[in-house]
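One chain comes next, on its own, written out as structure tokens in the form predicted on its own.
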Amino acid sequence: MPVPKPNLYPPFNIVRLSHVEYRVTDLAASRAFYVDTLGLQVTHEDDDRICLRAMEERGHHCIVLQRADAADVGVLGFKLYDEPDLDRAAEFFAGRGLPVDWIERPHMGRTLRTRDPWGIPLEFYVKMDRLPPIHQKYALYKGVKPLRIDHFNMFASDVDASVAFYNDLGFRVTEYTEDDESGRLWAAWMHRKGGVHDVAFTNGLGPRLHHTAFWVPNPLNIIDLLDLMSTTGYVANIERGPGRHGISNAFFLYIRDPDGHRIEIYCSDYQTVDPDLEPIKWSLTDPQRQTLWGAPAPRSWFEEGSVFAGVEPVPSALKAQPIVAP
């Protein structure tokens, strides 16, 4: 199926992705990983919940770690432009027959909770508690020196349908992978904030969260993190990389947290703000698609992901697969 034409006038205005809630089984172990190793900053902490932000972020949090009996994903959050956009978003989702609930969330203003047609839990807001800037508090920079949350990547059982729905929300395709035989989308990268993506969809058992990514200053920060992880008990948590993606041209590293949630460390993609930017097409059989240098990803990267709380994933009908490492 062809990539849909960009929807330049969506029903409500999404500024960017904002935050993710990870449900974790060992809050202390998760804190050691995200704070002491990656270098995210604690903005709230109690016996059941830790909120974190990255160094350039002024909003209260980009990750919420919530203590739970089983590891999964609670919600993906997105910031809207203005209060009327919240009401227009509620009208849009209600018009699609999807649930609309107004909920109370700590450190956030009026918040709309809903889901996409496949069950991915979503929340939209305009106001979040604002915190003083810390991007020039260089004594606070630790670990990989994370600057900001960059994107979500989700496994989808129907990438074409997912792209069509999120296109309706105003996300624009920047790059995509097509299955040569069927002509269907195997993966797609879509943005709101002017980078390569805020959200991406990868063919597979879905919906599941493949990873959350954080932007760092440069590739040397990734090398520093690898040295740190390999000498502090986290060598088994290194899954893939370092390397450079063909898609996005970004330098990357994939790691796993203590519960198996996948995190990408990411930098050096490109600007995509032009409304007439043409998407870049890749073939599923092109080995430079996943890694510009040609190295295939491990099988775990294509098969493992984090489930969304209360959502049962379903297999994809598209069985085409790229080359994987043995």
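In case it trips you up, residue 1 is the first one in the sequence shown, and so on. Fair warning: this is a prediction, and the values are worked out from it, not measured in the lab.
Absent from the display: the form predicted together with another copy of the chain. The rest refers to it.
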| item | value |
| --- | --- |
| Site check 21, 115 and 182: each within 4.5 Å of another copy of the chain in the predicted bound form by heavy atom | no |
| Heavy atom of residue 15 within 4.5 Å of another copy of the chain in the predicted bound form | yes |
| Residue 92: touches another copy of the chain in the predicted bound form, heavy atom cutoff 4.5 angstroms | no |
| Residue 278, heavy atom within 4.5 angstroms of another copy of the chain in the predicted bound form | yes |
| Residue 104, heavy atom within 4.5 angstroms of another copy of the chain in the predicted bound form | no |
| Contact segment among 22-30, 66-74, 282-290, 42-50, judged by heavy atoms lying within 4.5 Å of another copy of the chain in the predicted bound form | 282-290 |
| Listed residue (228, 205, 164, 122) with a non-hydrogen atom within 4.5 angstroms of another copy of the chain in the predicted bound form | 228 |
| Interface residues of 223-253 toward another copy of the chain, as seen in the predicted bound form [heavy atoms, 4.5 Å] | 223, 224, 226, 227, 228, 230, 231, 232, 235, 238, 242, 244, 245, 246, 249, 251 |
